[in-house]
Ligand code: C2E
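Read the single chain below, which is given as structure tokens and is the form predicted on its own.
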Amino acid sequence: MKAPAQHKQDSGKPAIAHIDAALTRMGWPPCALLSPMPQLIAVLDAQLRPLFCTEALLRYAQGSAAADLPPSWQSWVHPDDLQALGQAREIALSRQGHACEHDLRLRAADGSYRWHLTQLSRLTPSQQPGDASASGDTADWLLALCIDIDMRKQAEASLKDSDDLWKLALESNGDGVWDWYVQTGVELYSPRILQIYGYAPGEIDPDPAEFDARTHPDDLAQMRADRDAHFSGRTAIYSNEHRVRCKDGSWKWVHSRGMVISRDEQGRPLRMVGTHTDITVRKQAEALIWEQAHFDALTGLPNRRSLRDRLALGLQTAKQSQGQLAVLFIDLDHFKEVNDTLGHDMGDALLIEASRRILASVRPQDTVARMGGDEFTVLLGSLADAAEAELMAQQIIATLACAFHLNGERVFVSASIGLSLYPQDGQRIETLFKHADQALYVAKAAGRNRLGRFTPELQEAALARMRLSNDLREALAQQQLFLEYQPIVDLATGRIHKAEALLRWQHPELGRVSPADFIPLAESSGTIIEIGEWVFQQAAAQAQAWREALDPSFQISINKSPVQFRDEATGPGPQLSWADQLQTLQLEGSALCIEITEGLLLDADPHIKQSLQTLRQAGFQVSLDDFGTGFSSLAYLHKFDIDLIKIDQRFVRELRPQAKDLVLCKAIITMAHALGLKVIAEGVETAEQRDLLKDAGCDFAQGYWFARPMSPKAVEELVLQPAPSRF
């Protein structure tokens, strides 16, 4: 698509994105959609300098859609109409959301002038409580819409000489003509005007009350006001848009225009003539544009923009009545799994059904909106207390937890909800949104399928996470990150020829920060990509050193985040692959073992599968961490090439004779050996746990019973000692 015509950026004029923002706030489509439209449309600044023009306007005025914009709108307007243009500008700038109409002559590319009905509307930003996005420098921009009325103007000019000729000209332009003798109460209609509404000649009496009775009740007051304004001389031309009921019962939008062509000595109107133009298609297009701007296409729910409008109104009402309202942020748990396994069509069907269930769980006066993806927001107004909001939130959680029957499939998801209340949790839109989002974060972190309620402590925790995330971005450059290594013991021999690399952060003010706190921040911010590459390089160098000094088969395990795998699939990735870097160090791939989570395999797409296969081909071993805590462990072992599995410490922690955890551990070990896999047990802290695992045939173990994570030097000292009897 051709780029929208606009002043060059170095001219000081606003960029397309700035103009798009102003248009979007007014409910208009962006420049890229407006530009190819056949209408003559322009965005002007307060001095009537064009900022943007549609291709049709440029072709009309300058002969080419690629032409540069003129320095001023006045250069296209007939000199005799410049005064009227100035008046129109002043009126449009003084109005709030109402268009100002004037008939102006616009110069065509061949130098001729044609009459155009020019509508000027002020692009007034939407100022809402809590909305700081409106920019003041767009407040005096104008939207100009030009409609060719040259044929009508020519017809009007000849009206005094020949009514029949004037009416014929209007009829030939597709308009219906009416001729009203005001004092006698007779109104004549042309065949075309009757045809518009599906009537034959003679079916409508020559009485103005006939079409007044067929006018939509909601439009009557404005139509009569516009008519009275013209009769009294306050407007030069009568102009009104309204709906008329057709013979078949349907409604059509028409633009009725007319003028009084004769008055009596007291100035009272005697005769008025005008036209009806069928504008139904335009109105439908405008309605569609408005609907697309305010409603979600898939579910039909209000979208983010419409929700903000309703929340602004709800805040105003709650403030006046000193009432309460609640904002619920809803996120469907495991929705991505449905999308990935059953396809996007099934995912869409689930979203549609989920929206119906949420609507059924709230009151008719409440608002349910879709924010995008699998995220919904609910606005609950006129609440008695916080308990009422919490009850409805729990109802939503319960109804979404029930099975979804989609095209013969039974699908299960759950919902996490974050709740914030007005006025106690915030009095502005953005504040309520932010606090509901923080509450949702807590609900998901606590295990999902639950309600999170905002508290001041959440705000403090969110601020702490933000500050910690900012500090983490500089931690690597400031050498605050380092690795410790936890030995992995061969249970059969007591030897140590494996170790797991564990990332540590020594914060200059906070001291040691737990990996449980900073690793999720690194993943969510993307800094895990750079940090993960650094960890690999450090571990590879250490493995090389220990293979030379301790054991030629020494192996270091490193964790690789799902974020790193996805970055390799979608981003540029490191300059050298891990396999290439090991080759540069003249190090075998078996020197490193890559630990992955079941979550990675659950979300594995073809790119991730290929990445795992590439690592295996380069000689890396792959270990499945936290085995038994995911959803489909056996399926993973069947689908992917895995070398080792690590029994999660939750199974080891309560390990004792006759315990169910021992039965589970034995089953895992037996199954793994049958598949040719080795087994590592994590979290071994007692001699009894060690012995039970050894008797069960477990291959390796790590935990505080053997050694805590330690420095490289401490690992070397431990390995060089004779194997302790406790191993």
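Quick caveat, the model's predicted, so the values are computed rather than measured. Here, rigid core means the biggest group of C-alpha atoms that superpose within 1.5 Å across both forms. Don't overthink the numbering: it's just position in the shown sequence, from 1.
Although not depicted, the form predicted in complex with the ligand is the subject of the following passage.
Every residue in the set 503, 535 and 682 has a non-hydrogen atom no more than 4.5 Å from the ligand in the predicted complex. With the partner omitted here, the residue from 421, 528, 149, 146 that has a non-hydrogen atom within 4.5 angstroms of the ligand in the predicted complex is 528.
For the options 239, 119, 559, 455, the one in contact with the ligand in the predicted complex, meaning a heavy atom within 4.5 Å, is 559. Residues with any non-hydrogen atom within 4.5 angstroms of the ligand in the predicted complex fall in just one of 266-274, 426-434, 397-405, 512-520: 512-520. In the predicted complex, no heavy atom of residue 235 sits within 4.5 Å of the ligand. Proximity of residue 568 to the ligand in the predicted complex: non-hydrogen atoms within 4.5 Å are absent; the residue sits far from the partner. For the chain shown alone, residue 712 is not a contact residue for the ligand in the predicted complex, no non-hydrogen atom being within 4.5 angstroms. Residue contact check for residue 649: one or more of its heavy atoms lie within 4.5 Å of the ligand in the predicted complex.
Shown here without the ligand, the chain has 703, 704 in 689-707 lying with a heavy atom within 4.5 Å of that partner in the predicted complex. Once both forms are fitted on their rigid core, the CA atom of residue 488 lies 2 Å or more apart between the shown form and the other one. Once the rigid core is used as the reference frame, the Cα position of residue 514 differs between the shown form and the other one by 2 Å or more. With the core held fixed between the shown form and the other one, residue 504 has its Cα displaced by at least 2 Å.
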